[in-house]
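One chain comes next, on its own, written out as structure tokens in the form predicted alone.
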Amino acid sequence: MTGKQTKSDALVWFGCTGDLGLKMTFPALFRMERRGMLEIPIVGVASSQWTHDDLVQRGRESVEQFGGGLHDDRDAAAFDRLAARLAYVDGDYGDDATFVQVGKLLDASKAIRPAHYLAIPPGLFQTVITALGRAGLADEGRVIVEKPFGRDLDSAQELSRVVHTVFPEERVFRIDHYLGKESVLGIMYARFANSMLEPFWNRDMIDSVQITMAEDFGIAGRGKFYEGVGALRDVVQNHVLQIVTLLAMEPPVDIEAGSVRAEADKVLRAIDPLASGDLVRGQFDGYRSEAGVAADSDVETFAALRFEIDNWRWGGVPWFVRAGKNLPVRATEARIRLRKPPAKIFPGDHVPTGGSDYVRIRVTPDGQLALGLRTKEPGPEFVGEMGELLLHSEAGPELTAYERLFGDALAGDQTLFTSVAGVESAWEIVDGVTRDHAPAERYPIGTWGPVESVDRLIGRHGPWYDPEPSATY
């Protein structure tokens, strides 16, 4: 991305022994090392009674399991360089002595602009941030905070208040790996690098927008975690609304962080808070039998919602979103449905319900951009069929999301990180319905949620378009 900010000269990684580090952070740091993108020391901090050797061994296991493995001398040399960068502090986050030890390691490497990465439970954010302030480790440093940033509007605002007592907003990086995906960035590029989309990208030509974020697996043994989150907090408030902003935002004046974030924030401010009638909640059969889940749990594993963006471009266009677990496929896709032609001039032609032209943007498992158009079927009659022109299909990103985001955070580029205004606006949209809602409806595993209620939600703008399981249509 862009930006001429001063680079961080060290990475302090709180929670380095956790599951996120095993699956995401270590693989990203290894790939960055292999690409020559790492030039700084890394100080891991945890309270696991580990040693430096334990942390290195954890890194090796991580790379073997989740980072593609060590296949040749180049890989082995890259891992050795990464291991040489690592230091480890074992201590209690509530003990100032832990942070004194971190400071000594930073002093030894002459680092004065550390980036503090908080891969820790949200309940510890305040403890660590205030301790960094007391220890003088935040004076020229940055903080990288993993989601969730709060669990409702009040907690998000309180967390921002705490963060800002130590770090100014320009040195706060709220990381959400979804914004680092190549295919998500492709949405913004496709919209603003091509002039042909702009003439119909508005309420005059677009009938409705659907976004589906489907996962074909359950809660993966994280029952205790999911009980405190649910689908609304887990993916809708952040991932899905971020896709909405990229689809709906006005063209920024440039690609600098301030310009992009300002336009994204405007979209969120134009969405009214959801009411209970705008939401359908579902829970897959068997969820209550999962370890860590209450026997009478009403936590949603599926959510479908509708809303409008009350601005000049989008006024009157309904947006429909659904997200859930144990659905038929794993795919995230947006479908922008265009209005039907104003007059039917081919008497023999039959256009099925919902069969109008569309733009399809697929985010996962691979990035795709496609146009759906009606073409004439062979024969004497004027009868058409829907065909799709696949404009772009991406097999895989050059940089993984965490590589990109770590690189940007260390460089001081906030473009792909959510602002405090964006976080709070997103919470304002969903905050009310996290408490005031109808009970979650049961749905069988492998189906599209509580179908009857979800179909009523979309109404005449249906049907829902179900993403295909394969990467290529």
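Keep in mind that what you see is a predicted model, and the values were worked out from it rather than measured. One-based numbering along the sequence shown.
As for the form predicted together with 6-O-phosphono-beta-D-glucopyranose (BG6), it is not shown, yet the points below apply to it.
Though the partner is left out of this view, residue 213 does reach within 4.5 Å of 6-O-phosphono-beta-D-glucopyranose (BG6) in the predicted complex, counting heavy atoms only. Using a 4.5 Å cutoff between non-hydrogen atoms, residue 293 does not count as a contact of 6-O-phosphono-beta-D-glucopyranose (BG6) in the predicted complex. For residue 235, a non-hydrogen atom is located within 4.5 Å of 6-O-phosphono-beta-D-glucopyranose (BG6) in the predicted complex, even though that partner is not displayed. Proximity of residue 178 to 6-O-phosphono-beta-D-glucopyranose (BG6) in the predicted complex falls within the 4.5 Å heavy atom cutoff.
Stretch-level contact check against 6-O-phosphono-beta-D-glucopyranose (BG6) in the predicted complex with heavy atoms at 4.5 Å: of 69-77, 235-243, 127-135, 255-263, the positive one is 235-243.
With respect to 6-O-phosphono-beta-D-glucopyranose (BG6) in the predicted complex, the three residues 147, 222 and 325 uniformly fall within 4.5 angstroms at the level of their nearest heavy atom. Contact with 6-O-phosphono-beta-D-glucopyranose (BG6) in the predicted complex, defined as a heavy atom within 4.5 Å, holds for exactly one of 313, 392, 164, 330, namely 330. Residue 364 is the only one of 101, 160, 364, 356 with a heavy atom lying within 4.5 Å of 6-O-phosphono-beta-D-glucopyranose (BG6) in the predicted complex.
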